[in-house]
Structures are given as structure tokens and as C-alpha cells.
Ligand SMILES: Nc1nc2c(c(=O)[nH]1)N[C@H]1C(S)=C(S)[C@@H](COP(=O)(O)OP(=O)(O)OC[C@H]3O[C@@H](n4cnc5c(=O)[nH]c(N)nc54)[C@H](O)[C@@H]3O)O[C@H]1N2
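Okay, so here's just one chain, in C-alpha cells, the form predicted alone.
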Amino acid sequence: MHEDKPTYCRICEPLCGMIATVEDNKLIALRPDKEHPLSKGFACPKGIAFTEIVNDPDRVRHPLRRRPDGGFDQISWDTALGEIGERLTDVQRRHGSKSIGWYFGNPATFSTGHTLWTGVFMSLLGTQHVYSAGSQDVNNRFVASHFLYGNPVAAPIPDINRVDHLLVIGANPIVSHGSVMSSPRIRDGLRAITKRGGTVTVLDPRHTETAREFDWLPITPDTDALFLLSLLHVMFDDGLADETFLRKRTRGLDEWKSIVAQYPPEETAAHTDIPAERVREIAHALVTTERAAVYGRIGTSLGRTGTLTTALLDMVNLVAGNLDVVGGSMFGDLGIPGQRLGVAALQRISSFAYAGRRSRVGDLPQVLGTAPASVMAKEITTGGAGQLRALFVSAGNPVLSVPNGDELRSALDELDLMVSLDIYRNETNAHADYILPATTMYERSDFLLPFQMLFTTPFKQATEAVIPPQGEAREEWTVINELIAVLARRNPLIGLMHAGNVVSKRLGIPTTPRRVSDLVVRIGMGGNRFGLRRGGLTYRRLVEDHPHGVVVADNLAPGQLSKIITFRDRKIRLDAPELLAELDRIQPSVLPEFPLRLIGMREIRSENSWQHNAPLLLRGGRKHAARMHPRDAAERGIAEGELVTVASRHGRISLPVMLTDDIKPGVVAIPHGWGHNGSGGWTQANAAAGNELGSGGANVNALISSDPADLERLAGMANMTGVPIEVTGIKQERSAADQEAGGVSTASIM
């Protein structure tokens, strides 16, 4: 008998409503939930195809132990946890708790228990070796907010529902569905802006799916900071800024005025390729349009000065009068009493404070308790106190997602212990000693805490698991509880946590993600405040009375800055010395031997590296290919579909090329997440995107530097956009090699 269960997708930030069709405890199908108040019957191909991932025959369903020959044998959970416990205790005894590390990938963010339990466990260990996918795409958002507001989790989002002039920089929300922003049906939201007479302008080196529907303004990669500085120049130089207001709300205004005076659009145009008159037009529109906002994401984050660029996005909104106002760039509100004081207190805990700990290698800061994943390999191979000796990897594939994956692949084999918690065997856990089967999102209950302040329409939804775990899969937080029990005797703090777990379980009130979520629901916006607010929400009421979710406020509320800024004077700081120092790095570098510029791109049927095994997402003979302008290809004698070598100062990859006018000349775009090399059981992924050089596509991050000197200094993020490269046809390379070989041969005969 079929049963339809309301739930929601946890692949990306919109968290679209889904209906799961279940039969005999098996997920049969997923379809968009028409009764969901926000997504209203929309879901992307990735969400619909997730049935294939849940039921994938290649999925890991039982604990595995690696053999000396590199293969894996199935073992019991008791055996796996017993052996892991013994080996972990041995590492701790010989090298200390600071030799233990954890890397969690993007899917972990969408699991309440996964992130909370990992964070607490590693904090109790006192180790600096906590790494996340955030250092590949988002950490400089938190650092910029730290410098501006004293609050790293304050993230302004565009008021999509009411904005009339939206400037999108380095983002492709029609494909990404929004990033650091939860706005289901984002395409409809953007179209509604133009329908009500407004405008949407997209600045991007590529004519993206979003840019195709609106006004496209091509910009040179990694020059966003210069463009934003020129907007600020015009706003001050033309007397558009309300300086009286700004002096009341900020510190360092005069210093910033003198700085932006040095960036007139007539001079920055030589670098950005945005005409000065267009810069002036945009600056005036942002100030004079009553409801306007600037929104930037991945493209603005992955340059050489991503933190400065992210801060400049907020500064442009602020100076234009569009920060924390209706129709502008606004802040979400948890509605929790004392949340400002809570953030301030959390900032004083070294494991969460910005730069409370710094990396052994490179002296780079931690962000929200995590260190830069780009230095993880060097932390394994560099000897000395605190050397990384045991590593847990959950819901991640860093060999494909961090720069210089070959370096990490080699380093992993030097660990004393590596444990993976995942749903697949992949390029990373091919090197693990143990692979433990994890649940998928439809096999667990959830209320997603990290996204509550990111909804453009304040909204809450909780879900129960729609099917039981397949095979012997377990949730990550339950495995962490087992590790806590193992290490309790050797670490007093972990011992206290273990004792608390035991006592609460005996009392019938075990500490679980659901119990923590219920607390947040009760005290947050729309909550019942433990009975003080009649009819208010609890976790149970969300699940039982509002299975499709519930809107808790019609719109975002203005005036949140007073709750968000943690500085004593409640003023935004424009003059942080760390940000000012980054101005020395914003001029683009020129390397004649690498005249092209690399950018990344997201594909509508991909989510990083972990959805390439679903047949539905690989239909149509899909290939991994570089996008290149026909003019650049003609100059190099490269034809459509030809195999090319892409080279940077740091590496080389080979893949086919697609020629398109939908990219700025001088720019090459390559989708990330590929590079499957036959590891593990990814039958579809390993066979996909094949060419004569091999299958599984190419790992674009092989072109990126992991040298600490090349990482962004304030957030430790890798430079993944605007990277100097050159592209050469493989036929031309072979021809040149043959000619050289022939010349050598002739010379030797003579």
C-alpha cells in the first residue's frame, strides 16, 4: 500500500517541499509538494532524482573495513566501533587529542545532529583540526560579518519579495536556487521584480542561466572589489550618500571616503571592463530607487580578496541606504530573546571565536570553529606537536573539493587512522580504514537550525523520517555518541558529556537533535515559549499540525541591526585594519604565459561531487566539458568538442571543450565536482563524462593552489576564480611533441 508523506528536500538552501511516496518502508518516488507555502509544487531535477540515490545499489549500507590490498570487507558495527575505539585511543595516548581531526562536507550542514554533535565533540577534544566545506565557498561571509558587525552569523539577504532594483554579482540563483539565502521558487521571485516594473542586472563573466533572463553585464573575473569601490566612489563623489545618517551608524567613514576617492570608474574600467558611464548609472539607480539591493555570492567569494569583496557588498548597500530596510538587503530574525548577548558570549569561547585558534601550517584563522581545508594535507605531512594523525570524514569528498587533491590523496595514506561516515564509497574514503554507512536525509527527522535566519519569507518546517534507515545505516550523531563513550575515560570534558548522556537517557529524556530543535522552535519566532504563548509552535505541532510547513511572518522586518551588532557602540565598523590591508591585493595579476582566466560554474543537474551516480541526472550523454568563447578557441586552433589541456601555475587537466558565446572572451568556465577516478562503487559516476583520456571527468581543483601563501588571508579560502590559465588543444600538443621528437631524431642522424 502506497503512503504519501510530506517532507522537504535538504540538498540546497531553498529546502523545497516534497511528497515522498513510500511502500513497505521503501521510498518509491519523490514529487514536489503543491501544498508547501513557499515552494508551491516546485522542485529541481536533483530533488526529484534523490529516490535513485536513496535506493542506489552502489550505496554503502554496512560497515566496511579496508584490506591491505585496498579493497573492503563488510564487518559488524560492534567490530567496527570496537576497533576504531582502540585505534583512536592509541592515537590519543601517543599524540594527544590535538592530533585528531574531522572534516565534514556540505550535506552535513543540512543535518541538525550532524553539525551540532561534531562541533561539540571536537570542541571538547580541544583540537584545531576541524575542517568543513565552508572554507571552499562561504567562510568569508562569516569573517566579513565579524569585522563589520562583530557577529559572524549576521548575513544580509535581498528582500526578494519587495525589491525593485536588484544587482546580482557572481551568483546564478536560477541554477543554485540561492546561496546564503533560502528563497524557494527563486526564478519566480526574480521574474516578479520585472513584472512589477523593476529591474534585475546580473554582473558575471558568463552569460548564466540567470543572466539570460535579465540584463547581463559581463565583468572580468576577480575584479568585483574594484567595481564595488567605484560604485562607492560615485555615491560619495556625486553627493548621493546620506553622510549624516552614516556617521550615526558607522565608524571609519572619513577613512573610507578617502579610500574610495582613489577608485573612480574611469580608472577601474580598465580592469573590470565595465564602462564608467554604466558604473555611474548603476550607482545612481541603487541610491535613487526606493527599494534596491546588491546580492553577491560564490563568484565574489572565491577571488584573492573574497572577505574584502563580501564586506564591500554590504558597504554598497549601506551607503546607498539599502541595508536593513524594506526592499533592500535585510537580516533574518530568530526571534529568540537575548540572541545578541548569546552571540557575543559565543564569540568569547576560543573554539568558536574568529581566529581563536590558528592553523599550525600557514598560521591561518579558524572561522566558526573550522580551519581552512586547503591546508589539511600539509597538517598531515608536517611533523611536530599537533600533527594530524587521525581523521574522520563525514558527508564529504575533499580529494575532489579542496585544491590540489592529489596532495591530499597521497597524505591520507600517512594517517594512523581514517574513518569515513558516508552513503557512498568515493575518491576520499578509498583511503579510509573504515567506512561507516550513514543515513540519507529521508531516513532522519530534521529541523534545520542554520537556515532559520536566511528565509526571505520567515518560515518553519520540521519533518520526521519517511523511511527507516536502509541496511545498517546510522545517523552521524549517534556514532559520535559512541566515540564520546570510548574517549570518556581519557578526557574529563568528554567524560562529563558522556555522563550527561547516560543520565538523561536513564531519566527518559535523552539529548537528541529533535529535543534541541524543539527548544529552538519553542523560544523562537512563532514558538509557544513553553506555554506562555497559547497556540505557539513546538516541534510536535510543526510535524503534526503543519506537515507542509508554516509561514511565521509575511515579510522580513527592518531595523534588525540593533539586535545584530555586538560592538558596544552598536556601530558598523568600516575601518577594520584587516580589511584595509586587503586593498593592497585587489589589482589583478598579469601572467603572459597564462592569458586566460578560469571561473567555476554550477550545473543544474549536479550538486558538488556526490550526485553523479544518479542515472536521471546523467541522461542525454552528459559530458564534463570546459566552456570557452569561439574567438579564444579560434586563436588557438581549437574546435568544438576537441580535447584540450588546461594549465595553470599549479597543475594541468584535460577534458573536452564546448564553444559558446555565453561567456566573456578571455574567460574559461569549468564545472566543479568531477574527477571520479574509478574509486569505490560509483558505477555511473566513474563511467560518466568519459573521453579517450579516461572516465569520470576532470578535477578542476587540480588547477588551484593549496600553498598557504596563496590562500585568502582573512578566511583561509582558496583562490578559485580569475585564476590565470592557458588552454591548448591536445592534437596541437601531440603534433608539437611529434615534431620535436622528429627534430631530435634527425639531428642525431646528422
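Predicted model, so just to flag it, every value in this text is computed and none were measured. Residue numbers here begin at 1 and follow the sequence given.
There is also a form predicted in complex with the ligand; it is not shown, and the following applies to it.
In terms of contact with the ligand in the predicted bound form, the residue from N151, Q366, N317, N608 that brings a heavy atom within 4.5 Å is N608. A heavy atom within 4.5 Å of the ligand in the predicted bound form is found for one listed residue only; from N172, N481, T456, T272, this is N172. Of the candidate stretches 408-416, 506-514, 574-582, 592-600, only 592-600 has residues whose heavy atoms lie within 4.5 Å of the ligand in the predicted bound form. Contact check for P156: no non-hydrogen atom falls within 4.5 Å of the ligand in the predicted bound form. In the predicted bound form, A685 stays away from the ligand, with no heavy atom inside 4.5 Å.
Using a 4.5 angstroms limit between non-hydrogen atoms, V700 touches the ligand in the predicted bound form.
At the 4.5 Å threshold, heavy atoms of G105 reach the ligand in the predicted bound form. Contacts between stretch 198-236 and the ligand, counted in the predicted bound form as any heavy atom lying within 4.5 Å, involve L203, D204, P205, R206, T208, I219, P221, D222, D224, listed in sequence order.
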